[in-house]
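Alright, here's a single protein chain in two forms, structure 1 and structure 2, each given by itself as structure tokens.
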Structure 1
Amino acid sequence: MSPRVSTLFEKESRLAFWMLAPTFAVVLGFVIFPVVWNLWLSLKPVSLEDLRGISLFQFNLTLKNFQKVLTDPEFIPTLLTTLIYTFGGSILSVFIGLIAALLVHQEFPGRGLLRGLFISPYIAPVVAVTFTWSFILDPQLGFFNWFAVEKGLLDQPIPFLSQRWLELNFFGVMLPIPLALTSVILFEGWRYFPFAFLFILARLQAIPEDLYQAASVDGASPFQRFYYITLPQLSTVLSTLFLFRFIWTINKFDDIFLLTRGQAGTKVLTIKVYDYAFGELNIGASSAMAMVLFGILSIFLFFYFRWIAKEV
């Protein structure tokens, strides 16, 4: 290598370093550092009052926080709720997104308008939509309960977001369903289906038309064409969307916090992280809980890439 090329390379490297330095600094300071600091805190006995002390930097590491978090009687129920919420919310939002994409796939007047409308739940601020839904579902002042009772659809108002169980009559058998958790999952489906919708719609439009024509010539009916052509063509995008939604739903805090504050059987791991920190003022336990959440997500990702990603 001639010295001249080497200097040019060095010059470019140096310039690139300075051009990327601000981005690195921001990400390092406000993402990487908190995550590492979180690991450090999870191994230390710290409460919220200790924040001013110097003990934060001492090497008095302990696994007590993890022990406390994992043996907490609420841990197993919280984990179960998290899994139901995450799987339910992810699958539902992808499924609704699929239906919505199929509905507006074909050209018709007003299609662009509807596409815009369908994206709006995803664009609107989370506080606005959670408070609006809480209001609509409110047992005292909510539109839904009043309307349903007046029309004779319900005998009495149902507190959708504040009651843990609802006995439902399935052909004479009384089945309890977790009411608040179901409501929160339905909200999740409503708010996040546009994400799946956009990707599925783009993928639908990329399926070559001659596949359908060939199938028609061979005598496949519209439903058969959907089942044998459309669905297989979508399988990759559907499984990827499920992955993305899973990661974001398991990490989700805002929606449940604003809808139910984690009451009535909707306490998920992220709410538990918050509760430890600001309810029990136990920063160590809170950080340990966050690490456990991260571990669970990693386990899921491991199995996802091991099995599901290979299947599709």
Structure 2
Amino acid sequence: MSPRVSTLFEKESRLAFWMLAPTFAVVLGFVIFPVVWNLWLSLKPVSLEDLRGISLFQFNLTLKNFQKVLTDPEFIPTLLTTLIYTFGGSILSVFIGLIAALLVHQEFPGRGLLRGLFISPYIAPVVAVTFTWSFILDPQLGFFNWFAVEKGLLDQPIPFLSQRWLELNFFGVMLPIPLALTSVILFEGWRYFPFAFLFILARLQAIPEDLYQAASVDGASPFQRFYYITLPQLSTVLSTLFLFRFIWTINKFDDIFLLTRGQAGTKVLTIKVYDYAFGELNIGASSAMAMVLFGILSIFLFFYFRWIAKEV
């Protein structure tokens, strides 16, 4: 290699390094360091009042925080609630987004207005929408309970966000339904379906019409066209949306906290992180719970990329 080429290669390498340096600094400062710091706190007996004076170079490490978290009687029920809430909210938001995208895919009067209405739950402030849902579902003042009782749909008002179980008579069999948890899952699906709606609609518009025309000529029914053409074309988008929604939902705190404060069987792991930190003033246990949540999410990502992503 000539000295001229070598010098040019070195200059390009240095330029690439300096162009990547700001991004690396941001990732180091806002991603890697907080994770390392949280892991460090999870291995130390730290209370809220000790947090200011703690040093990174104090090596009195312990696993007692993890022992406290994993042996907590609420850990298993909270973990199950978290998984039900995460899977239910993620699947529901993607499903509603798919239905909404199919509804506005074809041309019809007022389609633009309907698209704008579909996006509104996602852009509205979370405090406003949670307050609206709490007011609508309120057993004393809520419109939903008033309307249902007036029309004879309900015998009495139902506290949707403060009652843990509701027994439904299904062909003579009493089925217990986790009422408050179901309510927050429905809120999750409604609140975040516009995100899936936008991506699915964009992919629908990119599917060639020739595929549908050829299928119609061959005598395919609307359901067959949807099953054999639309779904395979959307498989990559749907799986990616589910991954994003799973990651964001399992880390959700504000929605459940504003709706139920984690009461009535809706306590998830993020609420436990908050309870340890500001309820018990135990930063070490709070950090340990956060690392457990990180581990659960890492396991899901491993299985997702190992099997689910390969099948798409």
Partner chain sequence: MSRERLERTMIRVLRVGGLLFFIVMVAFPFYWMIVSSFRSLEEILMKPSNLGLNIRQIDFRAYYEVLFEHGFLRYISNSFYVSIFTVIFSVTLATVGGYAVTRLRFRGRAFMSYSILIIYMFPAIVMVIPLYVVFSKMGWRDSIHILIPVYLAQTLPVALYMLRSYFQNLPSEIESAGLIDGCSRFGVIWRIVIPLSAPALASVALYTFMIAWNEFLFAFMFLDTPEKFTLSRGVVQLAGSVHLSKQLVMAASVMVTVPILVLFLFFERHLVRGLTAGAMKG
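Note that the rigid core is defined as the largest set of C-alphas that superpose within 1.5 Å between two forms. Each residue is numbered by where it sits in the sequence of structure 1, with counting from 1. Worth saying up front: this structure is predicted, and the values here are computed from it rather than measured.
In this pair, structure 2 matches the form predicted on its own, whereas the other structure does not. The two rigid parts rotate relative to each other between structures 1 and 2, and of Lys68, Ile158, Val129, Trp37 only Trp37 lies at the hinge. Annotation: rigid-body hinge motion between structures 1 and 2, rotation of the minor part against the major part equal to 11 degrees. Core fit done between structures 1 and 2; CA of Ile32 shifted by 3.8 Å.
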